[in-house]
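What follows is a single chain, given as structure tokens, in the form predicted on its own.
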Amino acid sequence: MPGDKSISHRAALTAALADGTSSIRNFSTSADCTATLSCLAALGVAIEGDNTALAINGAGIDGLRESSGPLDCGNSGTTMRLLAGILAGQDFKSTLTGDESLSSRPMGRIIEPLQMMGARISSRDGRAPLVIHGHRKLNAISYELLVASAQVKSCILLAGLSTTGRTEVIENEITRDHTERILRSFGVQIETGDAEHKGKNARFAAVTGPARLSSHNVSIPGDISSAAYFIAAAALLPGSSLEVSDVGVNPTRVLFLEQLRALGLDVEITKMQEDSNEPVGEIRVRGSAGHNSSSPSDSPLMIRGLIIPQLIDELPLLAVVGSQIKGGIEIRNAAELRVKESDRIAATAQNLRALGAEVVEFDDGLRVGGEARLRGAKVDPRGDHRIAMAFTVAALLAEGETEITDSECVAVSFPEFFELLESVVER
């Protein structure tokens, strides 16, 4: 699989702040990660090589220089939110822009904590473009996440590198911990653990600034969120067998596999090891005709509550899986899906219905009736890469031809998707 997109963003941004030259192998080929590299180059970071092996000559924590123009983040919310945290601690003005989709996504969730830390930020009603007037010595804060978001947590931690004192982020729901792992690899003293907060159990991550980062060589594991589409297809198509090697199996990312197993699908992780502070393994999948035999036929698998942030990228795909499983799936507490690259709840419901599945849409999720006989249809992914890939899996299961419009949108995260799929599908 191509390099993990989430880890690639963080590796490049952290390497840019380090002293010395860092090598990054298997960097993501996604358009989102290319946007991150372009922004760093505009800020004076020297980058050589390609996705196979990048060399990033770090500018140091205070060595970035003002860009001559706006920093275009493309479609990448991760680029905009994490880079905003870094730029908040610089002593120059920066403007972060993006495409139409990114410019419609909420940025107030990072503006508030960064302003608490001393940065001045103006926006278009809480959305991009963001104009950031950085401050070299930000205030250290303790901040409780209002929305479960690894991007917001990462933004604050990266800003915390430029403070004098301890910056702490408290989260009531577990989110991806790639930023904590990568910062530790680059020599940052970072605290993580459990703590009681307002009478409840919570997680925290904290950094103490001002910090200095040392260069580090990073090997990016394969992207499990990209692998998910192949895993789901192989598990649902009888007679299929698939092995995905050298893929990241971070505990905050493998809950999707546990949901597949809960539905009776044959998926396992083997050959576990650790590389560049991230767990890596092999995923083996076998397709069978019978699924979910242990669950009542009228009882959908419920996906809700604290696990939603760990499944956020895979929820449209799980909805597709639900159309083939006895009892189906119900997804709730996932209103965040409505402010992704598209309204993913609406897009998923619309396209599943077009293929013949029964769907009930809620404000915060949807219910998919099980064991539908899907039929080929025209699918509109609304320019959203994850919708396009999820419904490619549905198309493999459907009778007849399915047309996916604007299919090139997969390049946002996985430009090789259709080529790789062609190589493993037998006709």
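Worth saying up front: this structure is predicted, and the values here are computed from it rather than measured. Don't overthink the numbering: it's just position in the shown sequence, from 1.
Below: the form predicted in complex with a small molecule, not depicted.
- Only one segment in the set 21-29, 415-423, 402-410, 5-13 has any non-hydrogen atom within 4.5 angstroms of the small molecule in the predicted complex, and it is 5-13.
- Although the partner is absent here, R176 sits close enough that one of its heavy atoms falls within 4.5 Å of the small molecule in the predicted complex.
- Taking the partner from elsewhere, K340 is found to have a heavy atom lying within 4.5 Å of the small molecule in the predicted complex.
- The closest heavy atom approach of V321 to the small molecule in the predicted complex falls outside 4.5 Å.
- When contacts are judged by a 4.5 Å heavy atom cut-off, T78 counts as touching the small molecule in the predicted complex.
- A150 is the sole member of I156, L138, A150, I182 with a non-hydrogen atom within 4.5 Å of the small molecule in the predicted complex.
- A single residue from the set V285, I312, A227, A128 has any heavy atom within 4.5 angstroms of the small molecule in the predicted complex; that residue is I312.
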